[in-house]
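Given next are two forms of a protein chain, the same chain in both, each as structure tokens and marked structure 1 or structure 2.
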Structure 1
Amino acid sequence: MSSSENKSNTEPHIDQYAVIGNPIEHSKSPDIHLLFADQTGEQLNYKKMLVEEGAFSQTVTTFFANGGKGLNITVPFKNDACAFVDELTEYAKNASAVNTIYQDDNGKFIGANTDGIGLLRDLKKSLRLQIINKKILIIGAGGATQGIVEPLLHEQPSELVIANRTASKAKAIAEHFNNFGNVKACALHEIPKQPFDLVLHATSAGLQGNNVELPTEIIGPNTCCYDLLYSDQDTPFMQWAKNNHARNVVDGFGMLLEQAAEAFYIWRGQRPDTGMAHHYFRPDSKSKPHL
């Protein structure tokens, strides 16, 4: 046996992970998970994969057949992922949306949804915001909204309104979750012209540099605005919120870190330090420091 052959046989296997979506180039997930791996001493590789619509199932099947250990799923495939897996965690089942996939010991594909957990952890850290008895408005009715409604309702807001350009999509989500709390739905032009404590922007419009038209009355002196998208510059929604004097305006980078940390824990059984990670990626962040 040659020395090169002996070396290849003794090199440790590195577990493979990835995030798949379309678009995907903007994703910071590889940097985040590799930092988590450094923190916890785990050995893994993590990449981003652009997938064309219609190719989701084949891509996932091939990834795991080639030894992949876990996937994160982003726009627009969270519903495709839900249909693909063999079993769903409770949050993923209720949300009908999956952002994390892994295989169990029997080879079954398990779908989880860590979006809501990630959002709540970041709201409580970056905004110091408790949800109980608060009025919440969610803009958008896609997979991201499906993933956050149940965890938000568990925190007992006084009211949760889902507004979407196509009202029927918002109403379908509201009806699905009405057993968990006070949740309503409407079209964008039907949004109640009243201040909300928390406005969550959950559409993909910002990825194209666009914004949805919203009534300025939803912003009061104590309103917090949160864009589930993340960007190194203010998103169009964040610019709008600041122009209308919202009390706090943040993007979804903290949520990204927290949901990624939950996925990392599901895969590896280790909890990364998201506060350190936030400081590492955004050392000049003006938001309140993570605990």
Structure 2
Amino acid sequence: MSSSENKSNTEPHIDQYAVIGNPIEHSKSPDIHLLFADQTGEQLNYKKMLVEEGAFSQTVTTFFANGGKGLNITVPFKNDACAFVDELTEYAKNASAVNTIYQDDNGKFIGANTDGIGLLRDLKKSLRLQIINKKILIIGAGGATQGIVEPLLHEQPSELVIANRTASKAKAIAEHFNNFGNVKACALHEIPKQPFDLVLHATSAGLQGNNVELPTEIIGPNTCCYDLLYSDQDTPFMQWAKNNHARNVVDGFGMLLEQAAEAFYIWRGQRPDTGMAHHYFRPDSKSKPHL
């Protein structure tokens, strides 16, 4: 046997992971997961996959049939992923959205949703914020909101208000989750003019550089404002919150890291160091690295 044959026969197999979305070019998930792999000494590859609408099931089936180990799912396929898998975790079932797929020992596809856990971890680490007995306002009632309401309610806020341009969508989400805690819904113009402890911005308006018009009374001296979008510059919502003197204003980059870390844990059984990762990706960030 030649030395090159010998090398290829003994080369360790590398586990394959990917993120699926459309668009996908902007995704930071490969960089994040490859850093986590470095941190934990895990051997894996992680790539981006652009998938056309209608091609989701075929792509996922082929990926796993070829030995793929796990997928992250992003816009617009989180609902398709929910319909595709054989079993859903509780959070994924209640959110009707899946952002992480893996196979169990029997080859069943399991769909999880780590977005809400990611948000909660980042709120505690970046903002040192405990949700219990706090007043929370969520702006927006799309897929992002669906993924975070249940984990937030488990932390027992005194009230959770969902406000949306289309009030009926906010009402539908509030009704869906009202067994889990005190959750109300309203239109944007009906938002109570009182300070909230936490305002979470979860619309897609910022993607087009637009801001949602909000009453300034929702910000008091102790209000934290959190944009679920992430960007190297302040988003329109963050600019608005800073102009109105919110106590803390952050974007969703910490949530992105934390939801990725939870997916990594599901797949590999190892917890990456998200504080170090935060510092690595944003060395100039004024916020301290996570504990």
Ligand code: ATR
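Here, rigid core means the biggest group of C-alpha atoms that superpose within 1.5 Å across both forms. All residue numbers here refer to structure 1's sequence, counted from 1. Note that this is a predicted model, so its numbers are computed, not measured.
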Q: Please state whether structure 1 or structure 2 is the form predicted in complex with the ligand.
A: 2
Q.
Given a core-based superposition, decide whether the C-alpha of Asn106 shifts by 2 Å or more between structure 1 and structure 2.
A. yes
(Q) Tell me whether Leu228 is among the residues that move between structure 1 and structure 2 (Cα shift of 2 angstroms or more, core superposed). (A) no
(Q) Given a core-based superposition, decide whether the C-alpha of Ala277 shifts by 2 Å or more between structure 1 and structure 2. (A) no
Q: After lining up the core, report the Cα displacement of Gly67 between structure 1 and structure 2 in Å, one decimal place.
A: 2.8
